[in-house]
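First structure 1, then structure 2: two forms of the same chain, each alone, as structure tokens.
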Structure 1
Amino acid sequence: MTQIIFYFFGAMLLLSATMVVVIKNPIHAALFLVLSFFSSAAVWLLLNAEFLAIVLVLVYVGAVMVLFLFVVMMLDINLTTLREGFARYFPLGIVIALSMAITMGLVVGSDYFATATYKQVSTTTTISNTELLGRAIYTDYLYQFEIAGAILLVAIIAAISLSMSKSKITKSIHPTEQVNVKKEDRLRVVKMKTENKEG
């Protein structure tokens, strides 16, 4: 049963990941990326990594890809200009892809892909892996975790300050000013005599 589920989601993961690269429409590509995140979350669930799987869905599918889709949908992408110069960039693309594949192979090595040496994570512990992960992050790896948090904070501030630079031209009004508006500020009653058609 587990095997059937694994092969189903594994096949879906490979298929959708291929489609992300192959498909022409950028929106479809983004949606296939969502599908591939989803299937890899399912594969992680089979490995009893429920926290990582759910967080992958929550953060990447639920938030990051929504914003990604948001941007891709807003852009007016012309498919013909996108495909221009494909032949020109093709050799360069091959070189980059090969070098990345080699780097990944050197870093990861055969340790994680050789099924014979693959160690099954012990599932006998009574503590859930959410709790274990939490303990590891907040005790053993606290320093690294805090640094990662600080880097993210800097990135947030940088992103906000970049988007604020053009804000001088907006017509937004401060909410307190809006609330304190009185009838006299906005409304002018003009007294005039009734006009008469015959008069």
Structure 2
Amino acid sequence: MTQIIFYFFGAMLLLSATMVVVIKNPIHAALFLVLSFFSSAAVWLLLNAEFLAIVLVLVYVGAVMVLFLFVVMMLDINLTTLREGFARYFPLGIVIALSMAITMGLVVGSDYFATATYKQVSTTTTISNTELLGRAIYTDYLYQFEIAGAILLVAIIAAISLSMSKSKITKSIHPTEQVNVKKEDRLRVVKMKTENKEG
């Protein structure tokens, strides 16, 4: 029964992740991303990683995706401009996707996950998985964790700089421009020929 549930949520995760990339409507893509988050949370529950599943649902589905949907629905996104460079960058995207798939296959297929230390830690019952996760992040993978934090900081700075560089259309009033306005700037006299209607 556990394998049936795992394959069901795994297939749902693959389908929803594919629909996030393929679908054209950004709101539908965000909803499919929420479904993929729920599916991966269910898979983590089957792997006895309750903390990761709860954090994924609470943080990503409850906060990040709600904010993302709010921004997408409030902004007027022009989809034609977003799709302009799709055909040009499609081969590069295929190369990056294949390289990531090969890298993930090499990492998962390696003998690192079958070491004796992993088996010894995973069979302990006195330590919770939250404490094991904290020990793994801040001891074994400390440099990787700091590098990921630096990359996220660079991404935040890049997003802020990109949003500030765009010219924004505002309807604010400038008092100095209103004072310096002349009547020729606001009023235009148009001369027209008079028409006489007979009869």
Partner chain sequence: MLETLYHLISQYILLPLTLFIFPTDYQTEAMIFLQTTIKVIAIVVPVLITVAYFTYAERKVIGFIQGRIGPNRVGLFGFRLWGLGQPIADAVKLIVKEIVIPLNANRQLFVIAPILSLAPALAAWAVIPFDDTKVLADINAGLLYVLALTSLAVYGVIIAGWASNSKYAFLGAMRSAAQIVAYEIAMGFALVGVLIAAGSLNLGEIVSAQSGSLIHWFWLPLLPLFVIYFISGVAETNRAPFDVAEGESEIVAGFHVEYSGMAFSVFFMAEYANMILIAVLSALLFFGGWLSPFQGIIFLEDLFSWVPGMFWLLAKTSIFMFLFLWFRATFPRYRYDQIMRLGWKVFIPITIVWLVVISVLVIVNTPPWFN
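Take the two forms, find the largest set of C-alpha atoms that superpose within 1.5 Å, and that set is the rigid core. Start at 1 and count along the sequence of structure 1; that gives the residue numbers used here. Every value quoted in this text rests on a predicted model; they were computed, and no experiment measured them.
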query: Identity of the form predicted alone among structures 1 and 2; finding: 2
query: Core-aligned CA displacement of T18 at least 2 Å between structures 1 and 2; finding: no
query: For M100, CA displacement between structures 1 and 2 after the core is overlaid, in Å; finding: 4.9
query: Per-residue Cα shift, A159, between structures 1 and 2 [Å; core superposed]; finding: 10.1
